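The chain below stands alone and is given as structure tokens, in the form predicted on its own.
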Amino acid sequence: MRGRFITFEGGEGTGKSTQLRLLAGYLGNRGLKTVATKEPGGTPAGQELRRLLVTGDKDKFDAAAEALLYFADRHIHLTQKVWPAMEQGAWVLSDRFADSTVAYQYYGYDKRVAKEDLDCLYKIAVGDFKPDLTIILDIDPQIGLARSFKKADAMAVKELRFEGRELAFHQRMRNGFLEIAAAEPERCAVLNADQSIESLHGDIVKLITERFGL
């Protein structure tokens, strides 16, 4: 049986990685094979691209260069990790996917990448494939950024390139995620990330149970 592909999306500091880990544990306890991954960085090549994309000066790449690098990582990620795991029946949980590229490089930047160009890159890198479910964790950007900077204090490598952008960038990006969800309600679900870890995990479990009949 073909596996499932579930993506976690949202701005900085929404708790995606924590909630993904908790969901992987929950599904594993239900007897399902799960693979936890992320973009960028889900493969060895992706780890090199991640270093380029999320560290260093915020202005070292423009939106177009970022989009090209993200889709290169995405194609490698799908062909080397996601699709092979799904063919073996695994539920693949990814911290970010293509919606992040639209939210960041189209909605976030003043000098944005045209949506039709992003659609073309998607077609080349991904084809007609889409996630079975996209969970968008929503939070006020000021709260999310404060969480993200606090988390970075314990990181050996500071992945703060996007956190260094102005608040307006993050507000536009948040609106972008909400517009994506409104346009594809059959795929996307928006959950309030401004609550306890346990409460949010409960909301996600409820969503997964209802959506997939577990």
Ligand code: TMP
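Don't overthink the numbering: it's just position in the shown sequence, from 1. This one's a predicted model, so the numbers in the text were calculated from it and none came from an experiment.
One more form of this protein exists, namely the form predicted together with the named molecule; it is left out here, but the text below deals with it.
The candidate stretches are 123-131, 75-83, 136-144, 94-102, and the one lying within 4.5 Å of the named molecule in the predicted bound form by heavy atoms is 94-102. Interface membership of R50, defined by any non-hydrogen atom within 4.5 Å of the named molecule in the predicted bound form, is confirmed. When the named molecule is considered in the predicted bound form, A63 lies well away from it, no heavy atom lying within 4.5 Å. Proximity of V54 to the named molecule in the predicted bound form falls within the 4.5 Å heavy atom cutoff. When the named molecule is considered in the predicted bound form, G46 lies well away from it, no heavy atom lying within 4.5 Å.
Along 11-29, residues E12, K16 each place a heavy atom within 4.5 Å of the named molecule in the predicted bound form.
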